[in-house]
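The chain below stands alone and is given as structure tokens, in the form predicted on its own.
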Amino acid sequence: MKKRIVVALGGNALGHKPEEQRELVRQTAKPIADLIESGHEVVISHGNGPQVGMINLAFSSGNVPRMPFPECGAMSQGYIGFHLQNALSEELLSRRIDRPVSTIITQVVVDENDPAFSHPTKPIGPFYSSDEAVRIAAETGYIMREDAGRGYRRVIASPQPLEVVESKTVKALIRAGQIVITVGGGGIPVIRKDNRLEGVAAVIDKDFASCVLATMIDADILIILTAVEKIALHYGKPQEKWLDKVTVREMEHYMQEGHFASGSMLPKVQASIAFAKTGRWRTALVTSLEKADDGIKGKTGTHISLY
């Protein structure tokens, strides 16, 4: 049965350098093309951690004017989207599937009063000495913090996403038969000022943004891709247990027991639960890129639903 699917690509599906990324996305395109060939409507989101950091660094040295962080996020969406849409188009044409692929520069609304803005925690950019950090903070107003004994880095907020501004555009493109790449890097964070959208220096978690997107475009399935085939309890320990089909209530219980690390699996679980709660017909699937098609067919992956 045809499904509308949002596929959230993790960092393992993209490279750190342009040459590496071009090669990796050719492999990434194959399992996505499998879903399209099976008849599903596919929307693709992705992270941008290494890429936006590289762009930010390029504008933080020499005589180049500093680039505001929202603009760095927009640049990363265009650059990653360029590689993804070319690789996916090539893969589809090799299978005699003539479908247009579009990248949408996507804004995501956040609350300017989100507590995350008072306690920025997301490190970005290069490392600096203590003296350099003091100077940069005085010159730019950046918040600089020591990072695991390796030096000082700029930290910015990671607020919760509220609304995908271009969701109607995405739905129109889906109805027109297009494959859409959107919400890159969690989207460009913006706050509403009457009729104006104002970019803010922040990083939105791409899994949470993908959940909001999937809900707004009436997706049936949110696939959050990761390095493992399924979510595990007691991961890497002798009592390790892989999860297959799990209810929201069960996952919330496991989460409260502290099974999922905040820096890796926890946000994926939280986003999956949030999406599954929006409708009894909706399912979140957490699996690896290579197993996505098998996951849709119910052969593998961790499936999270309301009941």
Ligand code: ADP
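All residue numbers are counted from 1 along the displayed sequence. Note that the structure is a prediction, hence the values are computed from the model and not measured.
One more form of this protein, predicted in complex with this ligand, exists but is not displayed; see below.
- Heavy atoms within 4.5 Å of this ligand in the predicted bound form belong, among the stretches 227 to 235, 121 to 129, 184 to 192, 161 to 169, to residues of 227 to 235.
- Only one of the listed residues (M255, M265, M67, M54) places a non-hydrogen atom within 4.5 angstroms of this ligand in the predicted bound form, and that residue is M265.
- Contact annotation: G10 falls within 4.5 Å of this ligand in the predicted bound form, judged by heavy atom distances.
- Using a 4.5 Å cutoff between non-hydrogen atoms, A58 does not count as a contact of this ligand in the predicted bound form.
- Contact annotation: H259 falls within 4.5 Å of this ligand in the predicted bound form, judged by heavy atom distances.
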